[in-house]
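Just one chain follows, in the form predicted on its own, and it is written as structure tokens.
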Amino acid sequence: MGKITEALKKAAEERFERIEKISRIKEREILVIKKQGNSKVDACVIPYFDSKAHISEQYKILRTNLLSLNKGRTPKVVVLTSSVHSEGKTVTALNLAMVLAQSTQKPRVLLIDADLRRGKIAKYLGVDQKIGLSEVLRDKAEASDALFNIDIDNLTFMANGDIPENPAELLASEKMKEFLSIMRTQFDHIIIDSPPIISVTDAGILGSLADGVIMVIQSGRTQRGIIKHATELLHQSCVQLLGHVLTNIEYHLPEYIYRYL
């Protein structure tokens, strides 16, 4: 009985320390974010180059739909996933984060690359960011060392970092829960790019920590059975599926053809 009491006491003390740490951060000013110079943003991040482009407008519709969910109680932390690889989830996450940051209210937006196996956000941004989420979760770096922005002050990024041996375990750790709790106090919107749900369990883990999940589907490629299976996996993880984004759609307009994503 003594050992059980001792273990419970230790667990309670650790929980108190985490709560105290989060409370201290709440009292501070916003985190100091490093600015990356000489970034070369990929052309697929359309709103960065032209916020009035037709594709940018499609992402603004997605933004409006997201902000109007739950009768105005907007999900603060949203995970983006897909059924399988190469459906456009990372590009969607980047564009969604960009249009959120471009809102008239200029909210503080954070985009986290939580694909610890093959994240590409730093690549799409054209920056050389070695420290990322992996280092933070393994206590090899502080969050302030991993957060960075380019030339949009209210849009912050976190790369995936080095590939760890145990990605799923790191994402399910208390450290991840603590990290997200702290980030909730610092940002108005947090978008998390995660691996495909069928390939690995990561999206289900992250979805359970978030306020909801958006599934990205590539038109003309992903079969209905695969989408159904992916949806079932998300439900099994007890996550709230906010909706779907269909990519690779061609819009036929007079004199032009616009390709969405």
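No experiment lies behind these values; they were computed from the predicted model shown. In this text, residue numbers run from 1 along the sequence as written.
The same protein has a further form, the form predicted in complex with a small molecule, not shown here; the description that follows concerns it.
Taking the partner from the other structure, the small molecule in the predicted complex has a heavy atom within 4.5 Å of a heavy atom of Tyr124.
In the predicted complex, the small molecule sits within 4.5 Å of a heavy atom belonging to Pro196.
Contact annotation: Glu87 falls within 4.5 Å of the small molecule in the predicted complex, judged by heavy atom distances. Taking the partner from elsewhere, Lys177 is found to have every heavy atom lying beyond 4.5 Å of the small molecule in the predicted complex. Shown without its partner, this chain lists Cys44, Leu209, Val200, Ile226 as candidates; in the predicted complex, only Cys44 has a non-hydrogen atom within 4.5 angstroms of the small molecule. For the residues Val99, Val91, Val77, Leu170, the 4.5 Å heavy atom test against the small molecule in the predicted complex is passed only by Val91. Only one segment in the set 116 to 124, 159 to 167, 145 to 153, 177 to 185 has any non-hydrogen atom within 4.5 angstroms of the small molecule in the predicted complex, and it is 116 to 124.
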